[in-house]
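Presented below, as structure tokens, is a lone chain in the form predicted on its own.
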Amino acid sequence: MLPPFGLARPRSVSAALAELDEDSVPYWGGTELLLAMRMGLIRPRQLVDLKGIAELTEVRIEDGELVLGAGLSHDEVARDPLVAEHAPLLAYAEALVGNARVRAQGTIGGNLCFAEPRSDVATVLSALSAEVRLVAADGTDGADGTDGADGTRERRLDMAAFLLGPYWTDRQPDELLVDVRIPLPVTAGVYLKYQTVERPTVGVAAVARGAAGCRLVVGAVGELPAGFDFEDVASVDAEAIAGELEPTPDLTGSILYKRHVTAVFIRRALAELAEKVSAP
């Protein structure tokens, strides 16, 4: 049974910010949140339902970035024509998330805020050098950011700064993740994963950005996605990268096994990326 809680249904970001505090939790799909509440892991005084805020479902190009509203479901991201055109790697990965229920109900923002260590989305967004935009009411914990609209303050964080550990992010209780921003253009990208259960055991994302070089991110193996930057695909040493990782041993594999599988999937991802980059 769910514990008792209040429910707020704001219709704007500013109204939602007015509801947030230490005991008031924002949600959209609730795929992870409600499960945690049923297990007694968290007992918020109030849930703030964000589904009435239209701007959280927008997709647009702005200042050379692909902007994705935090309330977009995984299915919506996977099927959006702008995402397919400018970040097809993300569209591909979103279509692989969880199961049909999770893809229909879960959101890109909720996925990141929950910080599940084996998230497909976090791994791919890290490879795409994406940032999240967090907004807080002016004068609150978000005051170290910059001035935003409507008397708010905002911060932008890349994945490494936002994701602090398993189920732990740098979002403050009075901040709202409003969108995800991917710098453009992306030359080519690859995402490969190995899984025996619903979530991946190893996920490898590799992205080429022309003269900017190549970015490789390994997710699911350890507590956080691990990113590596190289001048080109040919300079990547799969074995060396696998040796630097700190895999979490569990029912899906030992440390040695996960390092071996990681090296295999890095080599496969890089071979596929090299093929895409060289294609006319």
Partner chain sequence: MTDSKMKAHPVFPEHSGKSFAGKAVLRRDLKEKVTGAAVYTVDVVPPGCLHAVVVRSDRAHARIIDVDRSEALAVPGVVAVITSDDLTGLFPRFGHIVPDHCILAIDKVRYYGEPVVLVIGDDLYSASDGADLVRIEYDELPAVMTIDEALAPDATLVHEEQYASTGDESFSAMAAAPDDSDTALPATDNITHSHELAWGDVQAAFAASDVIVETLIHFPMLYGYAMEPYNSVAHFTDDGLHVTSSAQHPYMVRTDLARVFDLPLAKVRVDVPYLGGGYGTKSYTKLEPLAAIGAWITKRPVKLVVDVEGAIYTTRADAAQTRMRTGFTSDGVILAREYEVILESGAYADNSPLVLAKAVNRAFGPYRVPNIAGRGKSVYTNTAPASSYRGFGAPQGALAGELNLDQAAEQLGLDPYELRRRNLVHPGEEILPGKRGIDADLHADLGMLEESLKRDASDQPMHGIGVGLAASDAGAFPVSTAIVRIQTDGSAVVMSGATEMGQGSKSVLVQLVAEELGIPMEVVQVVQSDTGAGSYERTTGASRTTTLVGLAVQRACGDARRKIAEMASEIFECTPDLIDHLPGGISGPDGLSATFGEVIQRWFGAEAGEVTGVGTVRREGVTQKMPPFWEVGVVGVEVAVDPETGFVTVEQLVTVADVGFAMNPKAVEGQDLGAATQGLGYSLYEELVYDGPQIVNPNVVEYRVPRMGDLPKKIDTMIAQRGDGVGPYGAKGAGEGALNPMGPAVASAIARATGKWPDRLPLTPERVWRLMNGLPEADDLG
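Since we're looking at a predicted model, the values are computed, not measured. Positions refer to the first chain, counted from 1.
As for the form predicted together with its partner chain, it is not shown, yet the points below apply to it.
Taking non-hydrogen atoms only, Ala161 never approaches its partner chain to within 4.5 angstroms in the predicted bound form. Proximity of Gly253 to its partner chain in the predicted bound form: non-hydrogen atoms within 4.5 Å are present.
Within 4.5 Å of some heavy atom of its partner chain in the predicted bound form lies at least one heavy atom of Thr196. Interface residue remark: Val264 is counted as part of the site for its partner chain in the predicted bound form, having a heavy atom within 4.5 Å.
The partner is not drawn, yet in the predicted bound form one stretch among 211-219, 245-253, 227-235, 58-66 has residues with heavy atoms inside 4.5 Å of its partner chain: 245-253.
In the predicted bound form, just one residue of 27-58 lies within 4.5 Å of its partner chain by at least one heavy atom: Arg43.
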